[in-house]
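Only one chain comes next, encoded as structure tokens, the form predicted on its own.
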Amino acid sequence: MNKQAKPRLLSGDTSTGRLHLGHYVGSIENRVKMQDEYDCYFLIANIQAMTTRMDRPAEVHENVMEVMLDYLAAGIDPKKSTIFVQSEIPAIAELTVFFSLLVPYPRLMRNPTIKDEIRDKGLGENYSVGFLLYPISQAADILSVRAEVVPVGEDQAPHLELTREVARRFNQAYCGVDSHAEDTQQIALGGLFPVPEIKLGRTRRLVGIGAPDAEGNLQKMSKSLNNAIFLSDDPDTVKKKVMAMYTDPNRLKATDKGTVENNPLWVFHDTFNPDKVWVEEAKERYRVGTIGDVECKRRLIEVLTAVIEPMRLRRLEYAKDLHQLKNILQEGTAKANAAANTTLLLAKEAMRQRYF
């Protein structure tokens, strides 16, 4: 692997719609902060989106630009970072096939994120082979540019662990790296792929604004669960969503004692409200019934609007020039293609499968 001026980073999102606050604190916030320290590649995973939306190709196509707009609005700078589309990188598909030979089927089915997606999307037994393969495709995404760091949310950690296993197995099988070698020594010992490190967000899994599931557990913020606040929501929409937010169901009036734990209202204040003194004081008042939900929600509306509104306004400006957006995406995809093609050739050489 050629020595990079900066360590390489990759992360991405499926093109299933606009991004929300869970994406922001789980990963995007870190990506924006890390742009100066890393050679950043940010993937829009439209093939992964197709694994559950094969019947809605136009929607997936449109959502690529929605994700692109959210990236730029959140602060990802195309002068510092490379943004690209998954389906335009043929080497990723070929690497997915090679990597699938290194992953036993039972290992794939033990992936808890796969199980969660099957449940959350109501797929039952009606899912494709492509859906089961997407964790391997995700490994190919990451390793196609030989990324060393991957900022993701906690729900994606099982996928990254599979990527780490694939990197080790490839290096051992085809590059002669000892199975007891430390992850940090894989490249120095002749391996092709670094074993990427995970970088989790400050809030590992942001809860949604809706009620708990049947078992009483708060559900993560998700478009499919209709419990999300989006980075592009206007102030009125933010207000409506916060005012309708699930809190303590046993608290019928402002003077009732309230529960802070397992309460989305206070999860959001802990996550987004910079005034920690107010948050702690308000929690105590909430517990003894001297502050109401409405007052706490109004404060949260102010806090979230301050976070979201600058992004929403930047998004509107970028949306005025779709030609510029396509140029940025095309340039980024060309750069990613070059990196992935180099990786694929090196992988084929290591596997003794390069003939011409």
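Given the structure is predicted, the values throughout are model-derived calculations rather than measurements. Counting begins at 1, following the sequence as shown.
What comes next is about the form predicted in complex with tryptophan (TRP), which does not appear here.
> Pick from 135 to 143, 199 to 207, 226 to 234, 261 to 269: which stretch has non-hydrogen atoms within 4.5 Å of tryptophan (TRP) in the predicted bound form?
The contacting stretch here is 135 to 143.
> Counting only non-hydrogen atoms and a 4.5 angstroms cut-off, does residue 10 reach tryptophan (TRP) in the predicted bound form?
Contact check for residue 10: yes, within 4.5 Å of tryptophan (TRP) in the predicted bound form.
> Please determine whether residue 186 contacts tryptophan (TRP) in the predicted bound form, using a 4.5 Å cut-off between heavy atoms.
Flag for residue 186 set to no.
> Given that the partner is absent here, does residue 167 sit within 4.5 Å of tryptophan (TRP) in the predicted bound form, heavy atoms only?
No.
> With heavy atoms only and a cut-off of 4.5 Å, decide whether residue 221 touches tryptophan (TRP) in the predicted bound form.
Flag for residue 221 set to no.
> Under a 4.5 angstroms heavy atom criterion, identify the one residue in 150, 89, 95, 83 near tryptophan (TRP) in the predicted bound form.
Looking at 150, 89, 95, 83 one by one, just 150 meets the 4.5 Å heavy-atom criterion.
> Among 247, 156, 273, 111, which has any heavy atom within 4.5 Å of tryptophan (TRP) in the predicted bound form?
When tryptophan (TRP) is considered in the predicted bound form, the option within 4.5 Å is 156.
> Within 4.5 Å of tryptophan (TRP) in the predicted bound form, counting any non-hydrogen atom, which residues from 32 to 50 show up?
In sequence order, 43, 45, 48 come within 4.5 Å of the partner.
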